[in-house]
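Quick heads-up: it's one chain on its own, the form predicted alone, in structure tokens.
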């Protein structure tokens, strides 16, 4: 490899776009390949914790996100049947406490701002990767449209069914957790304002929950996502299926009137399997390296899945700059050393679904800054 290395990133999700933006800023020659034919505003919400927002500050879109997203005052946990508050964690002081704001936002709005931070010449849509091969001298990419490309380094940011992960570790289906999630984004129901209606609430009871929050600064659009038993026989070739209000009524029968009001106001409801993997034995080999759901997919029960992918991107770029692009294998090992433990901890807490159900100190998660945390060698 002579001169500036050519870096190919597979997957223009949140982690892939973050890696592309930061690598481009650092002066690398980058190409970002996405299998979707074009950008689409997916119907979901997302938490942007202070640890994630530290990275967005480096990308350069922090203030744009603040103008679009909502800043909740607290994370409330409530008993799903009685409405009793079981946990109340402050979020409005995140700038002071953790160095960056805490936002909830429409996932599509976040993804759009992040994709826009990547120069158009770098991002290539309609490029589904069928195979990757490390030849020793470079990596050869073969796309489903019959074209091929080569790169010096390949970053697999291609999700839970990663082609790059399969190349490194062999074919293995992700594990179904035994849980699934309903999702819906819709206009804020005005009649619910007479009910307990917080900016960010997780309703818990029995073996299920419903997480609810605003996704716009105007508070005119709201999102809920559930975690419920089911979906064990899911066809993993199917990303999601439609759901119905009746299914939700039955799933949350006897729950608080606020939950019932939200169910009745929901319009388009989808149902998704919740998948994960055990921690991987390696994150890289040769010229290929993984990040995000490609190496540590997890339940969404901490609201930290995207944050882990974005932290990965920040740490990967930091390690490449620390050691230099021509020492990429050592940089990949340094990256894994500094990311695998944290990702595994978040996977475990997400799996157990205990996060903020009671009052606790979230500093270990929210107070993390990937650019300033001391590097473990």
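Computed from a predicted model, the values in this text were never measured in an experiment. Residue numbers count along the first chain shown, from 1.
Keep in mind that the form predicted together with a small molecule is missing from the display, and what follows is about it.
Stretch 29-37 is the contacting one of 61-69, 316-324, 29-37, 330-338, since its residues have non-hydrogen atoms within 4.5 Å of the small molecule in the predicted complex. The small molecule is not shown here, and in the predicted complex it never comes within 4.5 Å of any heavy atom of residue 342.
The small molecule in the predicted complex comes within 4.5 Å of a heavy atom belonging to residue 309. Shown alone here, residue 283 lies farther than 4.5 Å from the small molecule in the predicted complex, counting heavy atoms only. Among heavy atoms of residue 249, none comes within 4.5 Å of the small molecule in the predicted complex. Of the residues 140, 217, 176, 128, just one reaches the small molecule in the predicted complex with a heavy atom at 4.5 Å or closer; this is 128. Listed residues 107, 287, 165, 256 were compared with the small molecule in the predicted complex; 107 is the one with a heavy atom within 4.5 Å. Site residues 14, 47 and 274 are all in contact with the small molecule in the predicted complex, judged by any heavy atom within 4.5 Å.
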